[in-house]
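Take a look at this one chain, the form predicted alone, written out in structure tokens.
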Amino acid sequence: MKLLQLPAADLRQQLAGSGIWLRTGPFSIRLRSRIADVATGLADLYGQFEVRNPREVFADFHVSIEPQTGVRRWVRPQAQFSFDGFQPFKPLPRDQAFPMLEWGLNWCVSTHAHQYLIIHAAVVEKDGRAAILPAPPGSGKSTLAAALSLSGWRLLSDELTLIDRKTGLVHPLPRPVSLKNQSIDVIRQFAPDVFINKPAHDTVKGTVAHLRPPRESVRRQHEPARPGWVIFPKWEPGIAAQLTPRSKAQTLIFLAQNAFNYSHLGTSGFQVAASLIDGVECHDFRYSALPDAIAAFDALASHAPLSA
């Protein structure tokens, strides 16, 4: 069944008890929480995702996000993320519980899913080919990925690009898109009808809100895509959309430096990254207006070859 079919009271009760089992991309999660904002966030953003009885199925990750006990229940309440009983992060204010859950799930994947080369990059797909969007924080990659996913491109991930080490394909992980600071209003103005949840303020990343992933992206979350491009986006005010070729050697170095498990994989990590770069086009991309950016990406996709 889908999570949206679970009544709100049942969702809260199951989260506080044995937990819920949730499928996202190639991973399954068993989640427990007694925090109301976590239940609300799941209901608002994960409605299209598959849920099952956690007692009947295996889960890749057993996680919880719970309120701190003791005096913290009353004075500056906090939330704590746990993975198999291990607490990898310091507690955060209770009103940041849902962003903490999202960050915690990213940590679970990036530190354990070594069947993939995991690159810190957004990734979208059109006509079977994936555009990988790595960039430093503040470059607008999540904003661009969100806009593309609302304009005919399929969202694979806004944060983690999963390259299958055996096939070289990109596996989807289409969870809610994290929007920060000015990006929240940019996407609201770009697509007024989409759902963005209540922002969390004063986090380590500023003000954070999450965009509900498109239904079609969730429905197709088990369909991998062939890498087609590695594109480095950067938002700059007042600039026309500009797509320029980029050195493959420079791109390989950047990806190696921004892959969570490149060093862990050793020789295999280099081989997967080098094979990826051999099969894609590499570009730098500068833009200021989202409609112009989408037109540039659509034009790129329309001229792409049908097979590698």
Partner chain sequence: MFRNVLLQALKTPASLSMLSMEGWDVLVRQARAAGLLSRLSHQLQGMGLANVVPPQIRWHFEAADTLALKQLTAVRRELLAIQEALADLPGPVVVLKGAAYVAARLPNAEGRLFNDIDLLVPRAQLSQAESALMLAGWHPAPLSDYDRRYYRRWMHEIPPLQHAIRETVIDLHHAILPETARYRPDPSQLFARAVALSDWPGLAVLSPEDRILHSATHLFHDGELAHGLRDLSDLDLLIRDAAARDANFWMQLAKRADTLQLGRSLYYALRYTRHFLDTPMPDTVLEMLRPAAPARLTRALMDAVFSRALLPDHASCDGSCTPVARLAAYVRAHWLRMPAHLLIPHLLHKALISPHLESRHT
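Everything numeric here is computed off the predicted structure, so don't read it as measured data. Residue numbers count along the first chain shown, from 1.
One more form of this protein should be noted, the form predicted together with the partner chain, which is absent from this view; the next part is about it.
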Tell me, please, which stretch of 231-239, 148-156, 76-84, 200-208 lies within 4.5 angstroms of the partner chain in the model of the complex when heavy atoms are compared? 76-84
Are any of the heavy atoms in Asp60 no more than 4.5 Å from a heavy atom of the partner chain in the model of the complex? yes
Even though the partner chain is not shown here, does Gln189 get within 4.5 Å of it in the model of the complex, heavy atoms only? no
Tell me, yes or no, whether Ile132 is in contact with the partner chain in the model of the complex, where a contact means a heavy atom of each within 4.5 Å. no
Taking heavy atoms only, is Ala113 within 4.5 angstroms of the partner chain in the model of the complex? yes
Contact residue in the model of the complex, chosen from Lys126, His120, Arg212, Arg165 - any heavy atom within 4.5 Å of the partner chain: Arg165
Answer option from Ala43, Ile277, Leu265, Leu243, heavy atom within 4.5 Å of the partner chain in the model of the complex: Leu265
